[in-house]
Structures are given as structure tokens and as C-alpha cells.
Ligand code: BG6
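There is one chain below, alone, in C-alpha cells, taken in the form predicted alone.
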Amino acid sequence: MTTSQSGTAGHPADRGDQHPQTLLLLGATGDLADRLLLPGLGRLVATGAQPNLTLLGSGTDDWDDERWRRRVADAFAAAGATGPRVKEVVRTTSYLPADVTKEEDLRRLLSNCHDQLVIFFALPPAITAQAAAALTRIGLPPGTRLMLEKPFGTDAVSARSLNEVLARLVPEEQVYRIDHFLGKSTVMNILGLRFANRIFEPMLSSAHVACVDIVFDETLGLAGRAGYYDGAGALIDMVQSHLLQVLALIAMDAPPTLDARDLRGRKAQVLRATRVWADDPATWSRRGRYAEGEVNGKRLPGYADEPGVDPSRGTETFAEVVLCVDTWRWAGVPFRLRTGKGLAARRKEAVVTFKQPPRVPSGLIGYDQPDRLRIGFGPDRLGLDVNINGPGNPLELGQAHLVADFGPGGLPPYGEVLRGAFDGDPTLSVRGDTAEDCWRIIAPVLDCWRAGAVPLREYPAGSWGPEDSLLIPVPAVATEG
């Protein structure tokens, strides 16, 4: 049975701040800006939500205004963003080459910014930290909002240091640590499912749940991202940020309201209670790297042979870790987080596997699969695997897969997080203490891996991952698109 939900919770076009705003985009010539940020901005501008926006791009490349405007126009067009406001932003945008670690360059950039200022750091963590430190010696206009792309720092110490620097620049409520994986629609879909359905809310606890799997499997390989990815790896790129945020939404208790303070407070509580299962990362984590193979009929070179990769780093493209959430609701339930590149199938979902019934009557035959609740991401989709009596023998059980589409949002994830910063709404941003806790959770795993206690297994591209994987693949019924 398949159902769909056509209604969506929209946003009025005039919700954004009406006073003029300037978005200063640092790292404007990079891949992130081109693929995700500018298309999201174009879609947002097209809604009319930001009627008085000026865009200023900056990077180390020696571009001029004309080349920059072509990039912005192409990104907006690719996102289907049209209309007079879109054309106006393209016409008025400008570009300034700069080294954002130098005070004199930052002063020049700020002198070209007017009105209420939003600064987006589309930069590697180390450069972001240097730029923020330089800004503390310069100062920022009152009311400036800062947007930072994950990862926030490179470990717990650097994350804490960066937070201290940011606190000297602006108040915490003006810092937007964004995780585009959780656009507003995805967040609200999870919260609505969990807390607006009595058939689910009481069941999501250790009394009824056997395990929770949060999976982000990709068929893609490196895709030209060696400059960033080879210094990060799967654990930092996906588990430390995106998957832990999903865990927090699935495991948190109901917030009193959806106000940013309540929602982020509940997420912080869960993450403070999260750690590696049995405090034993050597047993409860896995890492791997894809070797040459075939994915969807195309040959993929081994990761170590990809352009820009330093094989001696031993960067993983596959990461698994089992965590426990030591709260009253979830104590004793393993949360298994998994991500990988170059795998056999694309799978992006959270799966809640329920415990078996206390007893299945002996007259019923064929029970061999537990019930599962699935929450798919991209497309956002709800799936429920249940055991029912099938056709033919009425005593023989079979598993049925019920699927329903969540209502899609009106904006892509980057459009949502940008709107949050423009509107002064930090609901979708990661709070400073939460960012530090995410590093604390994976620190034992990183230390264990760096010490060689968990081997780096190679797996053929197009396979399900390393043979000693902790998580047996389950067909992604809820995420088939």
C-alpha cells in the first residue's frame, strides 16, 4: 500500500527580514558554493522572502565581477530560480579577491558590506578558525550573523577553541553552525512522526525497540573532492556531523515547543548521554576503503588511485560505529551508524527495528522478520514493514511494506538554512556545546583507528562494504525513488 501527502507547511513570502541585508560569501569560488549554496540561495531569493539582499562573493581566485556574475547566474538557473528579484541579485552582486586570514583583506571586504551583515564561511575548518581569529582583532558591525559549514573544528579541542573565538565576535544566538542534511522539512517530518502519532511515540523506547540503524550509503566515489575528503574521511564527514544530528532527533524527548531554545536543548541532552557502545571502539567500530570495482555498470577506480589522494593517510571511505544513549528511554538499545562511498546501492534512512512479539502462536507459520519503522531521507519517505497473513494459506505470514511520502518542503536544504540566518531563527543551527559533544562522542573511535586497533579493510566498489561489517544490509524499501 502506498499513500502520499500533498499538503506542505509553507512559509509566507514576506517572512524574511524586510530591512536590507548583505550576504558575504567567503570561499565563493569553491565547490560547496557552486553545487549547493548558490542554488539554495537562488531558490530562496525567487520566493521573495529576502527582497533587499545584496550578495558579495570573495575567494583566493583572481576573478572579476563578470566571471562571478556568470557563476551566480548559472547556479540560479540550474536551480530553476527565476524572476525579477533573482535578476536583480545577479545584476548587483560583486566579487573581491581576498585572503581571509589577513586583516587588511578582511577590512577591505567589510568596508564593502552595508546594512545587516551575514557572513558565510564556506571554507575548510582551519581557514575558518584563522579568519575568525583575525576578525576578533578587527571587530564586526553590530548584529552580524555568522554561518559556518561543518565540520566545526577538526577535533574536540579545536571545536572548543573556535567556539571561544566566535563568542568574542558575536553572541551565541548569532552563530549559525549549519547542517544542511537536516533542512527544515526533514526536521519537522521526524518530529511530526514521532510526537503527533500515539501509535509510534510510546513504542519508541527500550521496552519495544531492538536497535536503531542510521545509514547513509552512496554509490558515488570521491567525485573530485579529494582536497577536503582525504583530510577528513567518512567518520568525520558524515558520522560526526549529519548522522549524530539524526540520532538526536530520533532519540530526544518531546520538546515543550518548537522554539529553537527548546528543540536544541532536547538535542543537547541526548548527545550528552551518548557514547561508544561498552566504551570499546575497537570492538564496536569498523572502517574501510573502496578498491577498484563496478558500480551501476561503471568502473570506479580504487580510492587510493583517485586524483589528489594520498594513500599513506589511510583515509576511510566507509565507517560504522555502534553507540549507546544512556537515557531512561533508550538505555540498552544499540544505535548503529553507518556511511560509505562506492557501495552497491544508495541508501539514506533511519530504521527502527522492533523486538519480536513475546510469542507467535504456533499455528502461524513463516514469521522470520521483525517489524521495522523506516524514515527515508532524499526523498523524505516513511516506511513500515509489518507481518500480515498473505494470499493462499491464511496461516502463513509474509511481510508487507507500507510506504507514504512526507510532504516536500518548498526550498532545498541550503535555502532553508540560509533563510534561518536571514530571519534570525537558529532552529536549524547546531549549538556550540552540541558541536563539541559530537567530537567527544567520536574521539575514542578516532584515537582507536589512528592507533591501528581497527584495521582499514578494502572492499570492492559496488559491494556492500567490508565483509566484517557490523550491520547486515536491509533493502531500502523506504528510500527507493
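Counting begins at 1, following the sequence as shown. The structure presented is a predicted model; accordingly, all values stated were derived computationally and were not measured.
FYI, the form predicted together with the ligand isn't displayed, but the following is about it.
S.K.: Work out which of the listed stretches, 340-348, 73-81, 111-119, 248-256, brings a heavy atom within 4.5 angstroms of the ligand in the predicted bound form.
M.R.: Selected stretch: 340-348.
S.K.: Would E218 count as a contact of the ligand in the predicted bound form, using a 4.5 angstroms cut-off between non-hydrogen atoms?
M.R.: Although the ligand is absent here, E218 would touch it in the predicted bound form, with heavy atoms inside 4.5 Å.
S.K.: Examine A134 and determine whether its closest non-hydrogen atom to the ligand in the predicted bound form is within 4.5 angstroms.
M.R.: No.
S.K.: Quick one: does D213 come within 4.5 Å of the ligand in the predicted bound form, counting heavy atoms only?
M.R.: Output for D213 is no: heavy atoms all beyond 4.5 Å of the ligand.
S.K.: Counting only non-hydrogen atoms and a 4.5 angstroms cut-off, does H208 reach the ligand in the predicted bound form?
M.R.: The answer is no: H208 has no heavy atom within 4.5 Å of the ligand.
S.K.: Out of Y228, W277, F195, Y367, which one falls within 4.5 Å of the ligand in the predicted bound form, going by heavy atoms?
M.R.: It is Y228 that has a heavy atom within 4.5 Å of the partner.
S.K.: Using heavy atoms only and a 4.5 Å cut-off, determine which of R85, K184, R381, R289 is in contact with the ligand in the predicted bound form.
M.R.: It is K184.
S.K.: So which bits of 99-136 sit within 4.5 Å of the ligand in the predicted bound form, heavy atoms only?
M.R.: Residues within 4.5 Å: none in this stretch.
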